[in-house]
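A single chain comes next, written as structure tokens; it is the form predicted on its own.
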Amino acid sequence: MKLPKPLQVGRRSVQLAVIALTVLIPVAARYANYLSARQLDDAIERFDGSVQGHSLALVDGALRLATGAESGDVELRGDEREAVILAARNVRGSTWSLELFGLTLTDPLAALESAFASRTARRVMFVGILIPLLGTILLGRVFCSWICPAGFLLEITGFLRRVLRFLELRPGRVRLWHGNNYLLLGLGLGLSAVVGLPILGYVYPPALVGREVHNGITVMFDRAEDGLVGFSAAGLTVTSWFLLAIVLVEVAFGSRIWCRSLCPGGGLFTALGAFRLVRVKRDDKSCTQCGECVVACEMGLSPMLDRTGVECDNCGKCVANCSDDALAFRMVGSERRARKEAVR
């Protein structure tokens, strides 16, 4: 099946939707608190024109629409009010662990680390990872290229590196061993088992982004209640400096160093998706060896030479940038069946 360029727009849309959800979940939690205490209208009025006021109004409109409640400035009453509060509280968490209207989705790394730290495997862990696990077995490490909020941030480093080259500054091209992912994954899980605490969650970017956004928004609303409305970086912690350091290292020394060679979650998704059913395949007859797909691949792979490997995150950039239409996503075994049918 051929991946058209518009699907790259779809991938960006999914990434932005995940980021928006990550931001709006803590806003919805604060919204539910105001609504439960019958202080929502007062809060929106006091925060009018600020980031906090606009975000509360946005969540209010979205939840009214989702629950079928009366829209506009009409005060919610009775069953409608209870339905909106329930809806606001039915969406919580982040990409590390998310509860969405009764559906639990858990990052496999979160579940695995929890099992190592507690030395127990609970049923709820397996329920939460079922959908992400099946998706990874089918599509490989698509979490990294489609869903990970940090992945979207790190893709920007490729653009910044192009800016440096335009300014005639040559960024480095450091290549690290891909096996570092597995080493860091094993080390983190081992330490979690020894100390009985989750270790990897403090260095794994998707978990860090979710936690940092939640802290930042909570502090912003706390400050707004003291009359300090607007955006504030007061809630950000050393985590933000860690994420910024990753970005700067990638800009200066090599695109996607973290994802390719250092991310423990990337190592786990790579291992789980090693036998993925959907892969990028090349049509040798159509390929002119132009190398456009190699340039497009930020993971340092070479689709032109059929060297995609287990590190491929099925982002589709190589397919979208192939002017010969020689690359496409295909199910494993489809080529063999096609050859057999051709012989018949």
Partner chain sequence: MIARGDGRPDRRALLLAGGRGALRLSVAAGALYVVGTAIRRGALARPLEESATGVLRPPGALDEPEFLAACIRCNLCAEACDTGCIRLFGPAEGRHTGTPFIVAEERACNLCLACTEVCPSGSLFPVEDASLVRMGTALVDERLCVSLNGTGVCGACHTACPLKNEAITQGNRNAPTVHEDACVGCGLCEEACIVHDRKAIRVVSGRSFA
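Here the structure is a predicted model, which is why all the values come from computation and not from measurement. Positions refer to the first chain, counted from 1.
One more form of this protein, predicted together with the partner chain, exists but is not displayed; see below.
In the model of the complex, every residue of the candidate spot (Ile25, Ala29 and Pro198) has a heavy atom lying within 4.5 Å of the partner chain. Only one of 245-253, 166-174, 152-160, 198-206 places residue heavy atoms within 4.5 angstroms of the partner chain in the model of the complex, namely 198-206. When the partner chain is considered in the model of the complex, only one residue from Leu133, Leu187, Ala274, Leu228 comes within 4.5 Å through any heavy atom, namely Leu187. Contact with the partner chain in the model of the complex, defined as a heavy atom within 4.5 Å, holds for exactly one of Thr106, Ser145, Thr270, Ser261, namely Thr106. Looking at Asp222, you'd find a heavy atom of it within 4.5 angstroms of the partner chain in the model of the complex. Gly140 falls outside the set of residues with a heavy atom inside 4.5 Å of the partner chain in the model of the complex. Using a 4.5 angstroms threshold between heavy atoms, Ala110 counts as touching the partner chain in the model of the complex. The closest non-hydrogen atom of Glu99 lies within 4.5 Å of the partner chain in the model of the complex.
Taking the partner chain as positioned in the model of the complex, the only residue of 238-254 that brings a heavy atom within 4.5 Å of it is Val238.
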